[in-house]
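Here you'll find one protein chain in two forms, each presented separately as C-alpha cells under the names structure 1 and structure 2.
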Structure 1
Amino acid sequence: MKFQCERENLINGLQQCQRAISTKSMLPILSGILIKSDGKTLNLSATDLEISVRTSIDVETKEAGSLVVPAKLILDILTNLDEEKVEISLIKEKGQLEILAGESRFDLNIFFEEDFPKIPESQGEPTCDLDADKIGAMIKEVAKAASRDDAKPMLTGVLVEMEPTAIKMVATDSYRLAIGEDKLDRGPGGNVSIIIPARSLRELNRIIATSDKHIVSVFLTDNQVIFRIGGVELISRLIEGEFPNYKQILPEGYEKKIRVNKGRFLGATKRVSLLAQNNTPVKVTTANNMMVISANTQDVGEATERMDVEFPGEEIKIAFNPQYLIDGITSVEGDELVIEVLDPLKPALIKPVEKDDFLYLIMPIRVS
C-alpha cells in the first residue's frame, strides 16, 4: 500500500473515525483505524463494536492495500507536522507503516485487516431520508432523558418510531421521559420501531454538526442501523427488547396549564437549585397567579424566587430533582413554555407553547 494525500484531509477523515474508538477497550486492535487505499479514494473505518464510523477521502494511490494503524498516534503525528502533503506506505518486510513528510519520517507498528472486526455495509436504497437539522435538534431534546446507567440497558436507548410520514423519538431514565415528533417527507415504506443507543445518536449529532450536508440517509439491517451523511457513515447496533409502554405513562392531559417565560423560569430554577444540595429537591408552588420556586438544605440555607404567572387555581406544591427540571426547561424551544401540573404525586409536563412536537414528562419527588 502506498498513497499520497493532503495532510488536512487525512486528519479530518481520521478524526471522524476517532469517535468510534473507545479508550476503554480490552482489544488493542480496536484502538486502531482501518485504512484501505484503492484508486482515488482512501477508506477509513473504526469501531468499538457498538458504534462504527466509516468515511473516505481523496488520495493518489500508488499501490492498493490495507492496514490498521493506532488512531491516537497517527493523529498526534499528523497534527504536529507542517507540510501540506504526506506520503504513507506499508513496508511489508518490517510490517510497519512509514509516514514521509518533508524531512520527517516515522515508522509505526501496525495491525492487519484480517484481525479487524467486520463492519456492516449499507446496501441498496436507504430505508428513509431524514432532514439533518431537524433530526439533530430532536436528538438534542430527547436523548438527554435517556439513562446513563448500564444496569438498565433498555433505558440507555432511544425508541425511534417511524411511519411513512412521521417520526417519533422517546427516551426515559424512568425519572423523566422526553418525546419528540416530526413529519417526514421521505419516510420508510412501512412502520419501523427500533431502539438506538442514546450514545450513538449523540455521536450522529456531532457528525451532523461538522457536516455541510442536510440529508441523513438511514439503512436498516437486522440488528444494526446505518446513518449516512455525505461521505460519512455511522453504524450502530440496536438494543433488543421491549421499551416501556410510554403511551400508558402519558396522562390524559391536565387542565392546569401555566405559561411561563422560559429564560426567567430557567434562571430562577438554576439560582434556587444552588440551595438544593445533598439530594434535596426544588419545590415549585403555584397559587393565585404566582409561582414560587424554593429550596432548602439543612445546615446550609434556603432560597426562594417568585414569578408572576397566569394561574388562578388553588395551591399546588410539587418537588422535583433540580437537574431533571433544568433539563426539561432547556429542552423546550422558544421563548415561552407551558408547564402542566396535577398534584404532588403525579408527573408534571413541560411543553412548547401552541405546538405539540415535544413533551417532557418529569416525575416528582415525594416529600412528607
Structure 2
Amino acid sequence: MKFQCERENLINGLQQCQRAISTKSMLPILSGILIKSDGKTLNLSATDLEISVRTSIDVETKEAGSLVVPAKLILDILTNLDEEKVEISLIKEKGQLEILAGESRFDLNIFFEEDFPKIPESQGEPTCDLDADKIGAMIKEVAKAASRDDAKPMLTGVLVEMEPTAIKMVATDSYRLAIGEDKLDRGPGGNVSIIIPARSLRELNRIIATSDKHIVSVFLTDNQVIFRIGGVELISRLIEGEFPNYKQILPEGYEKKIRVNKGRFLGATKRVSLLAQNNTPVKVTTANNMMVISANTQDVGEATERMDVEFPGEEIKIAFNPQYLIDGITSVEGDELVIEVLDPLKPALIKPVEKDDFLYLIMPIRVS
C-alpha cells in the first residue's frame, strides 16, 4: 500500500473513526484503525465490538493495500506535522507503516487486516431516511435519561419505534423517563421496534453535528443497525430483550399544572443545586403564582430562590434529584415549560407548553 493525501483530510477521517476506538479492551488491535487503499479512495474503519465507524477520503493511490495502525499514535504524529501533504507506505517485510512529510519520517509497527474484526456493510436500499437535525434533537432530549449502569443492560439502551410516518424514542433509568416523537417523510415499510445503546446514539449525534448533510439513512440487519450520513457510517449492535413497559407508569391525567419560564427556572435550579450536596434533593414549593426553589445540606448551608409562575392553586411541595431536574428542564424546547403534578409522591411531568412531541417523567424524592 502506498498513497499521498492532504494531511488535514487524513486527520479528519481518522478522528471520525477514533470515536469507536476501545480504551479498555484487552485486544491491542482494537486500539487501531483499519486503513484500506483502493483506487482513489482510502477507507478507514474502527470498532470496539459494540459500535463501529467507517468513513472514506480521496487520496492519490500508488499501490493498493490494507493495514491496521495504532490510532492515537498516528493522530499524534499527523497533528504535529507542519507539511500539508503526507506520503504513507506499507513496508510489508518489516511489518511497518512509513510516514513521510518533508524532512520528517516515521516508521510505525502495525497490525494486519486479517486479525481485525469484520464490520457489517450496508447493502441494498435503506430501511428509512431520517432528518438529521430532527433526529439529532430527539437524541439529545431522550438519551440522557438512559441508565449508565451496565448491570441493567436493557436500561442502557433507547427504545426506537418506527412506523411508515412516525418515529418514537424512549429511555429510562427507573428514576426518570423521556419520550420523544416526530413525523417521518420516508419511514420503514412496516412497524419497527429496536433497542439501540444510548452511547451509540450519542456518537451518532456527534457525527451529525460535524456533518453538512441533512439525511441519515438507516439500514437494519438481524442484530445491528447502520446509520449513514454523507461519507460516514456508524454501525451499532442492538440490545436484545424486551424493553420495560413504559406506558404502565404514565399517569392518565394531571390536575395541577405549573407554567414557568424555562430560562429562569433553569438558572434558579442550577444555583440552588450548588447547596444540594451529599445526595440532598432540591425542593420545589409552589402556591399562589409563586415558586420557591430551595436546598439545605447540613454542615454546608442552604439556598433559596423565588420566581413568579402561572399557578393560582394551593400549595404543592415536591422534591427532586437536582441533576435529573436540570436534565428535564434543558430537554424541553421553547421559552416556557409546564410541570404537571399529582402529589408529592407521584411522578411529575415536564413538557413543552404548546407541543406534545416530548415529555419527561421524573420520580420525586420522599422528604420528611
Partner chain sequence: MPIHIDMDAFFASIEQRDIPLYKGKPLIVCHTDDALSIRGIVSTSSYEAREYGVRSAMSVLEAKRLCPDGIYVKGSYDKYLHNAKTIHEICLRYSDKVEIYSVDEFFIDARNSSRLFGGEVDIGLQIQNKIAEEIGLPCSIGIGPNKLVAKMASEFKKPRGLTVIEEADLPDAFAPLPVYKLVGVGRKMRRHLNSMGIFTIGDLAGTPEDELKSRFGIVGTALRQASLGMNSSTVHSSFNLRESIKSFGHSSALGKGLSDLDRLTKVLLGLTEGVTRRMRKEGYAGRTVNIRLSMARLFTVCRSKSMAVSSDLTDDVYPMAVNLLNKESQLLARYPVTTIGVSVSNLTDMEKGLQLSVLDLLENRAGKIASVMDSIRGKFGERAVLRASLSDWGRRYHSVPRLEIK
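Quantities reported herein were computed from a predicted structural model and do not represent experimental measurements. Numbering for residues begins at 1 and runs along the sequence of structure 1. Definition used throughout: the rigid core is the maximal C-alpha set that superposes within 1.5 Å between two forms.
Of the two copies shown, the second one, structure 2, is the form predicted on its own. Once both forms are fitted on their rigid core, the CA atom of residue 313 lies 2 Å or more apart between the two structures.
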